[in-house]
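Same chain, two versions here, written out as structure tokens and called structure 1 and structure 2.
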Structure 1
Amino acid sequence: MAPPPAPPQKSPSPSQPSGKSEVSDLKLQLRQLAGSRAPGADDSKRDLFKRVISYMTVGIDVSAAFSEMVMCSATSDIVLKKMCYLYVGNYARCHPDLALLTINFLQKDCHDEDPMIRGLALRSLCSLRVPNLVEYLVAPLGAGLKDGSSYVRMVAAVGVLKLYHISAATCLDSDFPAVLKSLMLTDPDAQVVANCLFVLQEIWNLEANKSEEASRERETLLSKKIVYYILNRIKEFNEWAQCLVLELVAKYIPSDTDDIFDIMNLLEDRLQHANGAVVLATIKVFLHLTMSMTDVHQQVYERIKAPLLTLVGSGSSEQSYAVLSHLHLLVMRAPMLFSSDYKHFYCQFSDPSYVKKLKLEMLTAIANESNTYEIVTELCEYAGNVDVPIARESIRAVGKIALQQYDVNAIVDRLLQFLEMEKDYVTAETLVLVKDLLRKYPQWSHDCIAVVGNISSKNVQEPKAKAALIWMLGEYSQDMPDAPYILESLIENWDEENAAEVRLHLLTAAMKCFFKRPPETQKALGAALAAGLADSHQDVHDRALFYYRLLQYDVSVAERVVNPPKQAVSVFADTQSSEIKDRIFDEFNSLSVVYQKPSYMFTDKEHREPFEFSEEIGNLSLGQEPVGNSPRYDESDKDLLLSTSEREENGGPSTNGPAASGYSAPTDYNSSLVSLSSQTQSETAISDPGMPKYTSQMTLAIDDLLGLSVSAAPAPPSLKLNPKAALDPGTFQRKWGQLAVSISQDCSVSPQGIAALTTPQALIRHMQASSIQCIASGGQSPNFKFFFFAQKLDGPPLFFLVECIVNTSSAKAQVKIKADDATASEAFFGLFQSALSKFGVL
């Protein structure tokens, strides 16, 4: 039997060395070719140089061949020169000691006959960025600024800025800024002028805070002489240089109106430039120059419409979006001027979703009495779009137009027709809009409620839509025969409702319906209050407790608080203040317009979004206090784990009592509502002796009326934590990787807690008082990250693991909980949230 064929030899990749000796072989071959003038030597050098550059590009260290590369640079082949300069510039920064080897041949090349080699050598010399070689840069730069070739002068101008960043003192002492200023005003080459202007702006902007002379020099760049000189040559510049000049002119303060019109006449043809950046920069100049001239400013808007609309229709989608963002800003400032051009903002089939969304916002802004019908008709066509987000946005746009009081009758009819489309997302968005419309136009309640009453609550799943439907059930329960019974069915499924927003609306709607139709809603309200008091969400629990105590105090007062006579909403709050909009307008032709927020909101650290943390906790610092040691407690700290009834039995101080420093709602529904109400009664009597008092008989009457007896709502088992729990970091990390997230929710942190969170240790000590230990912490203001753990006291040793990210700017904490027993997560989350809410308060 023949032996199997040998596997074919895999040839080494031309861009990867086949062994450790590859670099050594390169060095040897380069050394052999150094100084060789034999025919074909340059071709051999090219092949070797290409291999060296390819290795360097993929991250292989070939710095060992530095001296050989420098020796081979003695050639007149410009391609070899370029590759050698690229190699030298890359490794000179990492190996400053080797950079000294390059000085001689770079200085020699700076005097080469070929201006291309002179320019490349000067650029490479300035790119070494080695501080101890600064003295070798001054003479070549001085010669380069006076060179006969415009390319060399252009490179030398930028080289001055590189020298400034290496050694500002050397640059200023050599008087290079004065040379650049003279060159800017006399050089015949437009690119040299642009480079000089750019470098001078950079240097004087950085130096202005250090000396008054630099500040004066910066102001001279905005003098009439310089501005007009550059404007008269603007047609000679390339697009980048034109944008640079226009940015400078936008900062110029004209002396009189004639000055303004002269500049606008010089720049008139720039509005028809093919480059969008030039057009936007020119528009910024026009807008800023005419800010104090109302009539002329309006004429500028009329003049710039055509160039902007032309740019929107030409070019890529990305360019269209950038131009549309600026148009959107102008539309928001002067919607009437664009009302006749609404068809330019109709969505095209080929438009990407981000462009369509921006166009919908602009159609909403420019809608008025003359074009509302056409715009709403177009928007209604988008409601059936296959792109669901755009369909949602179009429905919202119709609602916003209706809220602007334009042809309300027809728009309300269109919105109600959306409810007949039997699409979940259409129904959801329409319900939210109908709610807002009823708040502004109560007179439309009869028509709207007649249609909304036919919608089954089971077909509405989105939280905002369900909350809107529940609001209408409570607000107009007297006009909807089935309102109490729909609310009752929703309350029966309380535990299945995950959104706290819906549960909050259920509580309020049940209260409103109770005051309008008491017999039919009595049972539902009692069930809602019982479920709310047992809810783990702090806001839901507190609202239920507030309603219950309000009913205990006086039913008529409760009705005036919960269901007062309402006035129609005239104006809805704007998402952005006028100050922010003006700030964005001042930053026209920048990313601020695209992001629709001022630059400080995405450049300053304190305004950025919360940063992302790694799931690994190895890079976080361990808590300074020993995890294994039992934390210190005092009497009040232990009471945090007790229910109201347990506190009374133990005779301990109650956090709801008059001696408490602040109000703290009970975290679970263990105690009877009778004992809870008696505690509230004593609070009321002590806090305001003049208020009417109610007795325990009144409390029992309310409980009996609403069906709130102790047996009506069985109390969930109380959760107690082990104050001496211990867990090593390795076990914590292993558990964290294995367990699934059982709860992920945001919590509010009190202002006192934010003020107290100067270091992570402050919160660590506070949580230890509630038997919640910290195993790792990290971050700095405004973002802190903590990993906590706790152990169940009774039964098997079950652990709860917590990731808590606190943002001091938003006063919010993002909480993720993983547990050995996921069924106990809700109870633990209640304890954790209660402890967090008391941080800085107790």
Structure 2
Amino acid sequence: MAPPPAPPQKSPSPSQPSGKSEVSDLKLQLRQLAGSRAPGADDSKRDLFKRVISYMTVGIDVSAAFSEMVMCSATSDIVLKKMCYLYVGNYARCHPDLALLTINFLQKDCHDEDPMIRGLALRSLCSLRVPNLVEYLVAPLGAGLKDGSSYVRMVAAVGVLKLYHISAATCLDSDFPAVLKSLMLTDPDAQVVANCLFVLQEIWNLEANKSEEASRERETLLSKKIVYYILNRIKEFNEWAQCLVLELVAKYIPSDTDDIFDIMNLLEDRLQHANGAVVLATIKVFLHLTMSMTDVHQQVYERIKAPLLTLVGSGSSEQSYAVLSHLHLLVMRAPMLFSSDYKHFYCQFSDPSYVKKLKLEMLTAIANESNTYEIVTELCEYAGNVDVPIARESIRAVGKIALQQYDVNAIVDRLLQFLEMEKDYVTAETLVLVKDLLRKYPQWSHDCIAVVGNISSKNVQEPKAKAALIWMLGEYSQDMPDAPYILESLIENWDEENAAEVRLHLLTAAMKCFFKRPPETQKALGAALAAGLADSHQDVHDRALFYYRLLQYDVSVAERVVNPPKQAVSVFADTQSSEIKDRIFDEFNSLSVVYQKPSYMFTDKEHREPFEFSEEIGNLSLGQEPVGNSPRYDESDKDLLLSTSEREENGGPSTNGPAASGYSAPTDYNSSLVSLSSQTQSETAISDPGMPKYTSQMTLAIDDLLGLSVSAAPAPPSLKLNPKAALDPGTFQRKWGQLAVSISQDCSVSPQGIAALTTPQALIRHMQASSIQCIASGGQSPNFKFFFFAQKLDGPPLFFLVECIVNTSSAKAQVKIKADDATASEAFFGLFQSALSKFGVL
């Protein structure tokens, strides 16, 4: 085993050498001892070795003492040998020439009388990992595999794999796999058998793509003969080797049902093994074998329940979390089978939060007619918990149960009781839930609204909860006498409202309220639209403008768009696809289950990154806002886009009546959306600095805006950049040296940009927003120099490197671009230029 590669030492101990003198001192002392046969020499050597190793461990390079260490290694003391092997193993790879020195003494040790020394020497020999020393490995390995001691054979088996990783050809040419195979089927020692199996699996898996023979060999490992042979010996194996065997059996394809039952009978008692890993591996075998037999599969669930629940209860929290994650997976697949075990998922006060959270999810999943009352009662206990995040989760869980249940009545009552607890986070969570409940069960509106109406909006601070409250105010304004006035007071405090989500909801709620109670809401709606148009947030602004135009066009159409009759939501979307869930299930008994992600998502780099970024849709497009696309709405606002149906016209004429002068009515909504969004860019740019007072002359102001002729925005760039590109300075420098300049051009910087460029950081931050990262910058007014880089989002990691020199006195920027893919540099230059031109303007 190689020690960790030089971890940076945080707090150096006083004994740590600071320079080379200590190392050379050690060298000297070692040399003096090397030839010494004096009694006590071994003890002094041991102290010296210990110092050498401890330096090595903390990351100090002691490779200079290599030859001295090797000279001292001629000893019969096994601790000295072990330390020496450790040292050699660590430095051989980076000093192959020195490694040659060690071959001799390691080979000699491979013939030692003591099997332990033979084994250790062989292990170290194989761990040198120096390609040009491979030839020295073959003979000792061959001898090791035939050694009389099982310890040596065991080491030799793994040695074959190490050899394979250094040089696959040498390993295969020496016919080691065949030797391993016969050893696997005949060796009396179970650990040797296990190691052979492990190595063969590894080798054939890697070889399978290259040769047909290898893939045939891989199939053989899964043949009935071998699987049964190993299964019959399973009790001889130690617990970890048993896990390996079980993993193999899980891949075995049984020939018929008798086959399946034979294996299950053989493995039945493994479920009661003290080691959780064995139990989990056995469960995996059972689950996979019975996949096609629905009845038996269900019985397997019943059978494995108890062992799993016991495992959860024993051991540390970390262990029980790992097991609980597996249980979680099974519970989610078949909740009804666990419905009678709900008490096991009750949270203990001392459970860590991560355990509690999983338990809450499981309680939610297994709730059905028979146990809902108990589960909800229990969950309500947690709502008063000291642990606030868990209290929140519990309330959410109650809500989820309500959404999936038949007897909602009692649960709704409980939720309404939460609202009376007068704790802000409880109120907040409950409001969000009540909103969801109302979307699914509109028939409960009467009871809920009575309670919600009593909540003062001042006591609700969290954006999500506030948005939920506002949604209800708008949706049920006909039932809440003072809804328009609450909305009005909220709109008055528009500027203090930080969350865009809340402001968006305010706009929609004001609209809905207006359609139901026009005279009372008219003023509030006007104020909301004005404030919305002045809003610096793009979406809020867009929505306000859209509503305004709609109202201008036709109030009844506006109502059909904004407040159509809704159908109750029957199912809320599931967050994880069933394909992913199945994949995780296939990887039972691995970290996939604990992370709740299939392994490729956290092992493969290529897979990992797009996956993470796909959640941040907002950052994916660059430069211009997506022109021509309809604006995005968040999920809670989907009702806006629902199909409209005829509804009786609501009489009240709007203050902002359809009297627009310079506005040509669009024929359908889609085109109006398009035309609106295509103009937003420039509008914000202009309206931001000195926004005219809209409240009095809104119509006029909007007409003014419309009257402006906007120069067409450049065509949407097809190139997309990775918003989280990363490049270390070394690579940047190397690339900069290798690549040729593909574009070198001057471009101008806007006067506002020049004004904003007081420090390099201002521009760096600005470019970052466009996914162009800065790797180095410098300079002082009037000359600033920047090195930027960016990475193409899709496909192979292609980088663009930019040198940009900005001269503030001439308002010019000299841009040099180098690119991995020179053909794309033109497109990138477009992006870069447009990003730069916006600097200081936006």
Partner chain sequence: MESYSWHARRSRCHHLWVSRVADVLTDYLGGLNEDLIKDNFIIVYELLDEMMDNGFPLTTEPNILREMITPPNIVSKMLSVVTGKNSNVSTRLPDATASCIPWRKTNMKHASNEVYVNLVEEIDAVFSRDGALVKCEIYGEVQVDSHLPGLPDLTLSFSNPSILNDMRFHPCVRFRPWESDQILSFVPPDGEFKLMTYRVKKLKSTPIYVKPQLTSDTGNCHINVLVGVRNDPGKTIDSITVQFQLPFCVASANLTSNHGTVNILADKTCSWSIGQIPKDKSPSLSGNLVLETGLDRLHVFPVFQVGFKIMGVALSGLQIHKLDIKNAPSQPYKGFRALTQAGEYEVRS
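Along the sequence of structure 1, residues get numbers from 1 upward. In this text, the rigid core denotes the largest set of C-alpha atoms whose superposition between the two forms falls within 1.5 Å. The shown structure was predicted, so the numbers you read here are calculated from the model rather than taken from an experiment.
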Form predicted in complex with the partner chain, is that 1 or 2? 2
Core superposition between structures 1 and 2, C-alpha change of P389 at least 2 Å: no
After core superposition, I'd like to know whether K735 moves between structures 1 and 2 (criterion: C-alpha shift of 2 angstroms or more). yes
Taking the rigid core as the superposition reference, indicate whether the CA of T758 shifts 2 angstroms or more between structures 1 and 2. yes
C-alpha positional change at V806 between structures 1 and 2 - rigid core reference, Å: 23.5
I need the CA movement of K27 between structures 1 and 2 once the rigid core is aligned, reported in Å. 2.9
